[in-house]
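Two forms, one protein chain; structure tokens for each follow separately as structure 1 and structure 2.
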Structure 1
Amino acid sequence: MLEKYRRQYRDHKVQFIFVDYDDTIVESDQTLFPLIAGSKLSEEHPFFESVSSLLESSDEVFKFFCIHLRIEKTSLITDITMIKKDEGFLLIIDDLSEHYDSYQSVAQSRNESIIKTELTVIKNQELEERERFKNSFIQNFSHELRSPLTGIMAISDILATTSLNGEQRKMLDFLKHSNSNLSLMLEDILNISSIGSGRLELQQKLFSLAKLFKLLEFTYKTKAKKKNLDFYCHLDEKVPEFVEGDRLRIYQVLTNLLDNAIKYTTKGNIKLSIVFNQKWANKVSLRFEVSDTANGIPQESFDTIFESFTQLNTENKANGSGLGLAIVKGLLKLMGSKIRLNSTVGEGSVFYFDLLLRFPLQTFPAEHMDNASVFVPERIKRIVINFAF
């Protein structure tokens, strides 16, 4: 039975040829190539022209690998074995075309993979070098601009104390407003540069989240009122009053989101919410949300709006550098979070993120808090030094 299967699946891939020492084909089983008895082997393919020179060697067996043979219309990749006999030599031609084709495909895929990996490494190195150059240029350029800008602002303040007519006063107000906008843009650029270069470090301190919330509520109710917008606030009662984190960076993230909401909302309302997710031990997960009733953001723009210097092309496009959301994205990444967005065109948007913060296990009496600051005084910090932070 096995001999039957061997002939069925194996013999058709192997051809046996017997050739005498005069290079004449004595017999061939014609399995692979049509080789006629009585013809010269060297005339069938150039490879066989070198066979006669091997007959003078003392070796009895010769093996050749990955030989491409094309005889008449048949083209194969073969391994060839030549065995010397008394009256001639036996040629065994083994068809391994599938094997070599598969091996070549694997080798080619591997080479392509190696090349792609190398190209990716080179590209990443190039991008890193560009990023370093960009950050260095931005920082140096921004610092160079800061000195003349400070001088212009100082002169503007001095001019404001002098006698000016109505027209001059308007021009001075315009100048001061322009200086203020330029100063804010420089701060944004420096923040982006610091985040990109990895030089921005978080300052983890204990502070009153409730006071920070009230500060934002007061500030943005005033701003919203100037645009005839409603401003709503919601602070979950389960949110701890004191948390440990970088108050300045959290404040910066929220103000960027709120400024954007007010900037692009022409009617309706804006809402700021801090929602309790869960807590365990001395850690709490909070969700911060800023929602608006602006024109909304198309799905295809969800990723691009968080890139530097990017703004949507809308009819109500507001002035700005396009850095606010990029700063939000970078700062949240430093804090181990990610900005997320839900938006419906024509209805509005909701920007939100989750933060994991630590909080003291003991509640502080209100009289121990410094009303002038949202940070905990040094005497209170000493009290909580034994807490399991």
Structure 2
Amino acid sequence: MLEKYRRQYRDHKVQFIFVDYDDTIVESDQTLFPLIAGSKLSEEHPFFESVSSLLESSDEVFKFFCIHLRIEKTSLITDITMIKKDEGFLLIIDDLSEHYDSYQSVAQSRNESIIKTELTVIKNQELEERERFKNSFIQNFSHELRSPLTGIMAISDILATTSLNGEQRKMLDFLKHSNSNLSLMLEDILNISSIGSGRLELQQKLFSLAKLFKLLEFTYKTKAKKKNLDFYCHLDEKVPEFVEGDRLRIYQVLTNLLDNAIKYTTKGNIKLSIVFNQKWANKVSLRFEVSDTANGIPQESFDTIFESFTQLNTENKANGSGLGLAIVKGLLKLMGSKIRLNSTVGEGSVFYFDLLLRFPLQTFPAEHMDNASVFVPERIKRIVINFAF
């Protein structure tokens, strides 16, 4: 390395030229450029033309660094020194091309990197702005749609209490079913918009995971039965009965996965399981898993199915907004987790995620719990945490 720099700085070539004050080359060696005595220096390169006026100043020496000179067919990067003498001036041209070329490569990488970063930041800002606008638009639009929808639903309910013939009742049922679907879609859209805009905040509260599990078991066993599917449940005995987390959002994730499983499975079974992974002082890692025996998902679609408005099964396109898995992905991200998928085409899929949840170390009064939904019989009134896992 030292030898390289020695060559760059010590062994570089230098050309000496003497020029009179009439701009005529008096004498020159030909080390770098073919400058002939008697010719006009300023005609050789515009650099000399633009600096010739400097000789009228009182300064004696002028030094210019990193000047690109091309004379005849020779291109060099040079340092140029002009020294005033009585009869004219001495021009010393140092060829430092090798040195400046290596500097050029460094500067190239540096500048490209800085510009790329700047442009990326700008692009991201634009995307964020668009995303904010989109979310705000969706929020407002969905709210505006809700009011007339509520009116339609209310009128449908009133209509149902009136005297209707068979044909009219069928039409009313269809109307109510469509209203219900539309309402769910709006709910999904609002959810995905809230997640995207960062407005959705998790509500961490103590709740009974066992009750949540029972609720899901009850609900989806019924739904599965309607489609002649089997529904299996497994709650690992080591899973703590009470955990701290956003019960509503965990419920939402699991219902989205289970609804999908029911929707896409035409024969076989659906399975929900909650498995104990690991525990720390007052935290526990649990694996939530929903499997089905539907058609399975091709490997190349693993990423895209979690994007908004994506549905793989065209036969079922009419059902749902295509936002379910995007909501799952967004909610789990908020919870510090990630949805994962194993699937084999023709056999079925397993959607799973791990959650790290706090659980209480001591006895606590029942009123501190989040008992928002109680579909299962109350088993426990006084709660004592069971550490036996």
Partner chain sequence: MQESKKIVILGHFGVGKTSLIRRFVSNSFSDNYKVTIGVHITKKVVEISVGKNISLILWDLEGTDDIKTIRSSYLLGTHGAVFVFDVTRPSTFQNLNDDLKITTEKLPDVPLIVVGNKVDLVDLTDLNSILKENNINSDFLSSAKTGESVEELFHKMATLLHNHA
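Here, a residue number simply tells you its place in the sequence of structure 1, counted from 1. So that the term is clear: the rigid core is the largest set of C-alpha atoms that superpose within 1.5 Å between two forms. These figures come from a predicted structure and were not determined experimentally.
Student: Just flag whichever of structures 1 and 2 is the form predicted together with the partner chain.
Tutor: Of the two forms shown, it is structure 2 that corresponds to the form predicted together with the partner chain, while structure 1 does not.
Student: Of the two rigid parts between the two structures, do Thr24 and Ser156 both belong to the same one?
Tutor: Thr24 belongs to a rigid part other than that of Ser156.
Student: Based on C-alpha superpositions, what is the rotation angle in degrees of the smaller rigid part between the two structures?
Tutor: About the larger part, the smaller one turns by 21 degrees.
Student: Report, in Å with one decimal, the C-alpha displacement of Glu118 between the two structures after core superposition.
Tutor: On core superposition, this C-alpha lies 3.1 Å from its counterpart.
Student: For Glu43, what C-alpha shift in Å results between the two structures following superposition on the rigid core?
Tutor: Superposing on the rigid core gives a C-alpha shift of 11.9 Å for Glu43.
Student: In Å, how far apart are the CA positions of Leu69 between the two structures with the rigid core superposed?
Tutor: It moves 7.9 Å at the C-alpha.
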